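A single chain comes next, written as structure tokens; it is the form predicted alone.
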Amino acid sequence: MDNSYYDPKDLKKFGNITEWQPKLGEKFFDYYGEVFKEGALTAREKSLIALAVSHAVHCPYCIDAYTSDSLKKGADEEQMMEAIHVAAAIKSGAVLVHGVQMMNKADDITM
């Protein structure tokens, strides 16, 4: 039996979030739709960004959706993996840069 907290079938239910709060749900989906329209960035570029962010925030639904979307919009596997590496580099850098805060605190305590 393959049990997981995240059920891939639930991604298809995402639109249901408007049921309990239609006004805010509709505003979100309007905004979401506008964000992903072609603009200064292509739809493919936006999809790759979304794929990278999906990994950074650990959203399995988003990973599934933007893996499919990136491929559909013409990205290849190498581009997709490179986008994920960009997210990983930024996330690890963010962790490491906070080491400065730790170093400052340790200096304050030990001096």
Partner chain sequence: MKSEVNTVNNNISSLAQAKPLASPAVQIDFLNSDDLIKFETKLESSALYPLVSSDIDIFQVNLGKMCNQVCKHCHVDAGPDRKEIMTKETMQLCLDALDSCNISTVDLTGGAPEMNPNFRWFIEELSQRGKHIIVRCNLTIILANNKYHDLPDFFAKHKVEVVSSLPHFSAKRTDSQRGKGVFEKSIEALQMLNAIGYGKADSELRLNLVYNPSGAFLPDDQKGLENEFKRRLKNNFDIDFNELFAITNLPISRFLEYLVDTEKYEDYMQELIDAYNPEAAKGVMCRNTISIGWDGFLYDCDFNQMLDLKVNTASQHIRDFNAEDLHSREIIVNQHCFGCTAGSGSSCGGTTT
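Positions refer to the first chain, counted from 1. Predicted model only: the values in this text are computed from it and were never measured.
This protein has a second form, the form predicted together with the partner chain, left out of what is shown; the following refers to that one.
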Problem set entry | residue 30: touches the partner chain in the predicted bound form, heavy atom cutoff 4.5 angstroms | no
Exercise. Though only this chain appears here, would residue 65 touch the partner chain in the predicted bound form if you measure heavy atom gaps against 4.5 Å?
Worked result: no
Problem set entry | Touches the partner chain in the predicted bound form: residue 60 (any heavy atom, 4.5 Å) | no
For this session: Evaluate residue 34 for contact with the partner chain in the predicted bound form, applying a 4.5 angstroms cut-off between non-hydrogen atoms, and reply yes or no.
Result: no
Exercise. 41, 71, 86, 53: which sits within 4.5 Å of the partner chain in the predicted bound form by any heavy atom?
Worked result: 71
Exercise. Though the partner is not shown here, which residues of 73-96 have a heavy atom within 4.5 Å of the partner chain in the predicted bound form?
Worked result: 73, 74, 75, 76, 77, 79
